[in-house]
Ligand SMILES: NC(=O)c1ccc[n+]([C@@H]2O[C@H](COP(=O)([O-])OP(=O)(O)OC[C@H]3O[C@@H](n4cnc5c(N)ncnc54)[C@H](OP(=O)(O)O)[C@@H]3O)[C@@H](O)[C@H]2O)c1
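The data below hold one chain only, encoded as structure tokens and taken in the form predicted alone.
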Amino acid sequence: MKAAVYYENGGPDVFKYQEVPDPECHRKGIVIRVEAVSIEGGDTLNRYRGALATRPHIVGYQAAGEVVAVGEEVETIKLGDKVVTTGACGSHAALRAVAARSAWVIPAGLDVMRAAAVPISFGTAHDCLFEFGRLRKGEIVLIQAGASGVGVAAIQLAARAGASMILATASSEERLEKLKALGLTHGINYHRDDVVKAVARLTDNHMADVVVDPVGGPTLQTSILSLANRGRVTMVGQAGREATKVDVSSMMGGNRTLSGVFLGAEMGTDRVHDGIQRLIDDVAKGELKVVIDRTYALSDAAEAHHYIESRMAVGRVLLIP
């Protein structure tokens, strides 16, 4: 099969488009013919500095396509099903093998490209807001990196849950404008505005009850300083790639909370698996929207990763084998 591979960590230009051996089907797994790859934030981070489990290495958490092989112990998925899959690596390829537990059958009427972008982005956003952020109706939410895949999902989920105000940061007015249709109340251009001061002004000094932070690094300090009394920050990922060194002393006086979130740690649980299925179903019913910014050929994986790292995208960027 063809795959976008690399032999060493680095920038997007480490990718090579090569022929590699087809993956084998485990007795408890499936193999799909990939039709769409959703490039996740963790994919770019792993390409940059993650461990190479194989050499050449195929990066990538998430991809959707048609089932072409089924292990003898699998009963929930059959040949020909369209599914979306997750895994530690292997998405940037024409074929992908995963455990059946890491796949969800795509409902009738939901196209593969949109389904490809749901599990990790929407599942992570849901955990950040509700499982760990404990968001309640009427509260104020701040979403850092609002134009990211997690950000786009979090804006919609917070709006659906009845948040009284949804704030989000992004690198330009153009990106923020595109988020308004999803439920954004006010956008904050972090290149132009002091985020903490903007949150104070927009909330009449109440600040944010829940902050979703997929960036880390110095941005996490901004998130902490944007918290209301009893406010909660959920930290997920390190999209900023900078070292995370923060002063948490301000959290104590206001009974504030900082929680780390990693969906993969509980991906195999019924809670997460069933929750992701509900989110996929909600997208299929039109209750949630998948935003696809651009698509690239799998052979152009380097160009796609360059575009993501330019911080111009709104929503997800897909690769098409």
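Everything numeric in this text was worked out from a predicted model, so none of it was measured. Don't overthink the numbering: it's just position in the shown sequence, from 1.
Just so you know, the form predicted in complex with the named molecule exists too; it's not on screen, but the next bit is about it.
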Does Cys25 make contact with the named molecule in the model of the complex, using a 4.5 Å heavy atom cut-off?
-> no
Is there any non-hydrogen atom of Gly315 lying within 4.5 Å of the named molecule in the model of the complex?
-> yes
Please run the contact check for Leu298 against the named molecule in the model of the complex: heavy atoms, 4.5 angstroms, yes or no?
-> no
With a 4.5 Å heavy atom cut-off, would you call Gly275 a contact of the named molecule in the model of the complex?
-> no
Partner-free chain; cross-checking the named molecule in the model of the complex, the single residue of Ala208, Ala103, Val233, Val236 with a heavy atom within 4.5 Å is Val236
Just one of Val68, Ala284, Leu52, Leu45 has a heavy atom within 4.5 Å of the named molecule in the model of the complex. Which one?
-> Leu45
Proximity to the named molecule in the model of the complex (heavy atom, within 4.5 Å), stretch among 262 to 270, 28 to 36, 289 to 297, 275 to 283 | 262 to 270
Stretch 175 to 196 - residues with a heavy atom within 4.5 Å of the named molecule in the model of the complex = Arg175, Tyr190
